[in-house]
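Okay, here we've got a single chain as structure tokens, the form predicted alone, with questions on binding and movement later.
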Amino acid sequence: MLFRKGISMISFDKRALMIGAAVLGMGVLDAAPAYAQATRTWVSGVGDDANPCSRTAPCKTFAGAISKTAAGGEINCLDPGGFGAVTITKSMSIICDYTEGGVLNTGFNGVIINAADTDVVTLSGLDILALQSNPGTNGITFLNGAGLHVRNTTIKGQGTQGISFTPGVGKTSFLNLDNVVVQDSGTSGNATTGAIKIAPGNSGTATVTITNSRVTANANAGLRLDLTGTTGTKINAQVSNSTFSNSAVGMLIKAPAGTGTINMSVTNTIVANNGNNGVFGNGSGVSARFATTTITNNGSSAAGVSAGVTAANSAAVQSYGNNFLNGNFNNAAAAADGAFSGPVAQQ
């Protein structure tokens, strides 16, 4: 009798454990899944942001993937899609070189970088687009971080800037652009808008490299380096193998007295067909040197005072003696190539 009673008690205990496990299992199934951050995540045009952003279960948007991507990690595009605007607050990469990585940003910013001082962000293979009839704000906005690499990317239809690079007071940051197209950006009648704007804050330093890029058909300045209103600020810029065309001004380099310094070198580049000035250096803080660069067909009969090269207010816009400066026009003269402010000896 005691033996049978013991068996009965054991069976009861087993049944209780099984029921408890089943209840716990139901609770686990009902709970939302929690995913650890991965070093590599994926987005797809047919993905879902409720997924873990793995290759077999990709997310739908960059914004959905970024919270599941570890600092220093990478988001990849699995197949073509429009993956939406995103704000990046940590070191990471978004790489979509082998398929369509679309960002449609009508009425707002496309990609915002506002990361820590030591963070580096890489963007590659993106198409950041808005309609000219309903433009975006900025295609890419850099507010803070150690630096930004942008490559193999097209930016069109932005109302303020294609790329706005404005690290804050006392910050040191770099911008590298390689094989980047900025087109149809800026707003006519608002001279502060355009294609690429570099404007660090007080006592800040921006180091900028632009290679193999095309900046064309933008309102106002194609490339604007501007220290207006700052003190103790520096821009170090190198431009090579690029084209700045069909905008109002190809390159505007502005460092009024007392603001800071802009040191710039331009090689193997074309500045052409801009409606007003090709290269306009303004201010005693400007030191720009040009080599093997073609500056032609800038200005027009309706452009007012314009020139291929202008050096105003003690700006130093110098030539290594091997540039091509001709065929520029304005309404005051048959030809207005302007002139470099002086030569630089080749060594």
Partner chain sequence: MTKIKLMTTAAAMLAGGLLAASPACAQATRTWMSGVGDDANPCSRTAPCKTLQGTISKTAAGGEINCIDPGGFGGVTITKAISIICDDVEAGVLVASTSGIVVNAASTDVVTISGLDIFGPSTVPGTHGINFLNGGVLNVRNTTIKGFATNGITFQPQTTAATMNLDDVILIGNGTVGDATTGTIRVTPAANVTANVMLNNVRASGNVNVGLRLDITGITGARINAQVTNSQFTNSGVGIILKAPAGTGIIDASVTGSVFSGNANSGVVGNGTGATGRFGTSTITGNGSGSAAAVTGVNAVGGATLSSYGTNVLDGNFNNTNTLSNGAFSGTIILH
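Numbering follows the first chain given and starts at 1. Please read these numbers as outputs of a predicted model, since none were measured by experiment.
The next section is about a form of this same protein that is not shown, the form predicted together with the partner chain.
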query: Among the candidates Thr267, Thr205, Thr216, Ser93, the residue which, in the predicted bound form, approaches the partner chain to within 4.5 Å (heavy atoms); finding: Thr216
query: The partner chain: the contacting residue among Val169, Ala71, Leu143, Leu104 in the predicted bound form [heavy atom, 4.5 Å]; finding: Leu104
query: Contact at Thr89, Phe174 and Ser284 by the partner chain in the predicted bound form, all three, heavy atom at most 4.5 Å; finding: no
query: Candidate stretches 160 to 168, 258 to 266, 116 to 124, 94 to 102, one within 4.5 Å of the partner chain in the predicted bound form by heavy atom; finding: 94 to 102
query: Ala199, heavy atom within 4.5 angstroms of the partner chain in the predicted bound form; finding: no
query: Non-hydrogen atom contact Gly232 with the partner chain in the predicted bound form at 4.5 angstroms; finding: no
query: Non-hydrogen atom contact Asn51 with the partner chain in the predicted bound form at 4.5 angstroms; finding: no
query: Proximity of Ala272 to the partner chain in the predicted bound form, heavy atoms at 4.5 Å; finding: yes
query: Contacts with the partner chain in the predicted bound form - residues in 45 to 82 whose heavy atoms fall within 4.5 Å; finding: Gly45, Val46, Asp79, Pro80, Gly81, Gly82
